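There is one chain below, alone, in structure tokens, taken in the form predicted alone.
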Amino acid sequence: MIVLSVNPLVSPDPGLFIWAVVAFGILFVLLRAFAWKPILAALTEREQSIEDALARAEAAKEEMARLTGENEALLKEARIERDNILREAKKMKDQIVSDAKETAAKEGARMIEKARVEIDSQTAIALALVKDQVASLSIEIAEKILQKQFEDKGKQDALVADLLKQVKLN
């Protein structure tokens, strides 16, 4: 205990104690008035800004999820519409090709029939011309032959007799 009574830093002095408590109280009041309020306000503001940022992030996340869902729905709808358009286009193409083939077949058949009728007509005309020429040539030949035969009176009588025999036989 000797050391305690001799050293003034270790021995409690009531005046020093009171002044230390008063200084601490003044420091506490000053810190509370000027430091803690701004520090607490800054902490509260920081906490509020973090909460707001988290709320905005959550809202953005929900919005992104909603937009992603809408995008997927729009893409699905667009794919369905594209498939429908392609199906319609294929159906129209097949119909056009079918109609074109049918029209071409009808037109070909019509042209063939027209050509056949034309050929038949031309053939009939040609046959008629050939018959006319054959008939006129036959008549000319018959005239020449008859002229030769009718020059002689005896031959004329023989021909008439021969024709009469043929008529009686028929």
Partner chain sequence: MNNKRHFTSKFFRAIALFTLFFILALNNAKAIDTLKDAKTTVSDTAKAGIKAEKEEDISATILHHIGDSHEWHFWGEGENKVAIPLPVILYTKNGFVTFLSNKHDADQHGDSIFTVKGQSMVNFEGKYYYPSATKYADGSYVKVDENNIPINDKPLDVSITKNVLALFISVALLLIIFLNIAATYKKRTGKAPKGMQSALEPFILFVRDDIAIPQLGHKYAKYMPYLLTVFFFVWINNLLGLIPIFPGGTNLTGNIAITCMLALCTFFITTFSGNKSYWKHIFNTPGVPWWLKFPVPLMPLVEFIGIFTKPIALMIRLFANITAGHILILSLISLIIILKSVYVSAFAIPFVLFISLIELLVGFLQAFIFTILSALFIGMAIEEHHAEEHH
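Positions refer to the first chain, counted from 1. Nothing here was measured: the structure is a model prediction, and the numbers come from that model.
Separately, the form predicted in complex with the partner chain exists; it is not shown, and the next lines address it.
Of these, 110, 32, 144, 66, which has a heavy atom no more than 4.5 Å from the partner chain in the predicted complex?
Going through each option in turn, the one that passes is 32.
Considering 40, 54, 105, 128, which brings a non-hydrogen atom within 4.5 Å of the partner chain in the predicted complex?
When the partner chain is considered in the predicted complex, the option within 4.5 Å is 40.
Does residue 156 reach the partner chain in the predicted complex, with heavy atoms at most 4.5 Å apart?
Residue 156: no contact with the partner chain in the predicted complex.
So in the predicted complex, does any heavy atom of residue 58 sit within 4.5 Å of the partner chain?
No, residue 58 stays farther than 4.5 Å from the partner chain in the predicted complex.
Does the partner chain get within 4.5 angstroms of any non-hydrogen atom of residue 114 in the predicted complex?
Because no heavy atom of residue 114 falls inside 4.5 Å of the partner chain in the predicted complex, the answer is no.
Does the partner chain get within 4.5 angstroms of any non-hydrogen atom of residue 27 in the predicted complex?
Within the cut-off, so yes.
Candidate stretches 136-144, 117-125, 42-50, 66-74 - the one whose heavy atoms come within 4.5 Å of the partner chain in the predicted complex:
Of the options given, it is 42-50.
Along 51-66, which positions have a non-hydrogen atom within 4.5 Å of the partner chain in the predicted complex?
If the 4.5 Å heavy-atom criterion is applied to the partner chain in the predicted complex, 51-66 yields nothing.
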